[in-house]
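Consider the single chain below, provided in structure tokens and representing the form predicted on its own.
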Amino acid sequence: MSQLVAVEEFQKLYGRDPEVIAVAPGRINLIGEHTDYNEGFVFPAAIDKHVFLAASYGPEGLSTLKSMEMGDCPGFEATTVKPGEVHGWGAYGGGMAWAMREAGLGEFPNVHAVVSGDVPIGSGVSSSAALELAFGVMWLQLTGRELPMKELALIAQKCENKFVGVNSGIMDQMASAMGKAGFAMFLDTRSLDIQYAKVPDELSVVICDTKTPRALTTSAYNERRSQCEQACRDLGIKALRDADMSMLEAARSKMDPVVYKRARHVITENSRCVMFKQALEEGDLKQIGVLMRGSHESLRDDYEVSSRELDQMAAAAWDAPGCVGARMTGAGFGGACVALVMTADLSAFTEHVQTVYREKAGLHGDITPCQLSDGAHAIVATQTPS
């Protein structure tokens, strides 16, 4: 439906069909949180919540962008745009034009573009990466250039880091770029090796949105990253990927207590991610639940990026009928939990979680089953979709 909305608004504004529709999915992360910028392991999956971007060449003046959900943003000159020149959600578009140029792909033309989508904003399912990949795919398609999707994901990460100003790792962009329908991705963020893992058909992936928009500020996120870097200096290693618990315990006396806790989360989370892959392959539902709960508790206690509402939502899910496992997903301080639920129990799970969460938090949480989706791609638009 969002595709149709974007196309119809484009036709209304510009009196013609768009030349390209780019589509990019949001993502959930089953386990492996705040490990990606520590060169560790993550386990994301692209979901059937998408950003659609209807676009054509805009030869006169600046690039013009409109979002049906976020409004207009100031125009920019795509061929010369630099960091600091575009703010708000338009920074994802301007940033991709800049980052692709910086990657040696040449200049990209100005565009007229309309964005619409159903990726929840601020809920920890990475609407920002979906926007970045949609803009990247759009410019490649318009200009007839080709680029491996892994490389486009790395360019999108540079956009996020250097243009938008958030020191994120590669997980979100790689999940949006490289998703595979029906599968989650065991991603080694150091080598960028991907192993796809089938999610059993009897399980549904469910987003449990607390309806408290994620409030992880740039400063809080960057602070966590800085603390991890300090832990590496204390341990004499390149990245926390290279540490284990015996190494951390041996250095504990010389470490700041907070830095120690941050490192403990990353080290144990990497281990949980590896064990989760094995549990998923073996269909060990009990172990999956233990690992997802352990991840949430570590994010709450050691990394301190949970929130009261996320804890209440996770607890409601843990006790719900059919729940195999649940944990907060995304960077934290609000947003959503992800749950793996027996498909046959979805109705009972939803009723229980909404009731308990409303009683505890005083809020109505959104419970949304989702399908695992393919990654970003382009649709050549010649007519309004039926």
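Just count from 1 along the sequence shown to find any residue number. Bear in mind the structure is a predicted one, so any value in this text is a computation, not a measurement.
Quick note: we don't show the form predicted together with a small molecule, though the next part is all about it.
Enquirer: Of these, Ile170, Met185, Leu142, Ile207, which has a heavy atom no more than 4.5 Å from the small molecule in the predicted complex?
Expert: For this set of options, the contacting one is Ile170.
Enquirer: Within 4.5 Å of the small molecule in the predicted complex, heavy atoms considered, which of Pro44, Gly325, Gly40, Gly330?
Expert: Of Pro44, Gly325, Gly40, Gly330, the residue with a heavy atom within 4.5 Å of the small molecule in the predicted complex is Gly330.
Enquirer: Can any non-hydrogen atom of Trp89 be found within 4.5 angstroms of the small molecule in the predicted complex?
Expert: Looking in the predicted complex, residue contacts with the small molecule do not include Trp89, since no heavy atom lies within 4.5 Å.
Enquirer: For Tyr221, is any heavy atom within 4.5 Å of the small molecule in the predicted complex, or not?
Expert: Close contact exists here: in the predicted complex, Tyr221 approaches the small molecule to within 4.5 Å, heavy atoms only.
Enquirer: For the interface check, one of 336-344, 313-321, 29-37, 50-58 should have non-hydrogen atoms within 4.5 Å of the small molecule in the predicted complex; which one?
Expert: Selected range: 29-37.
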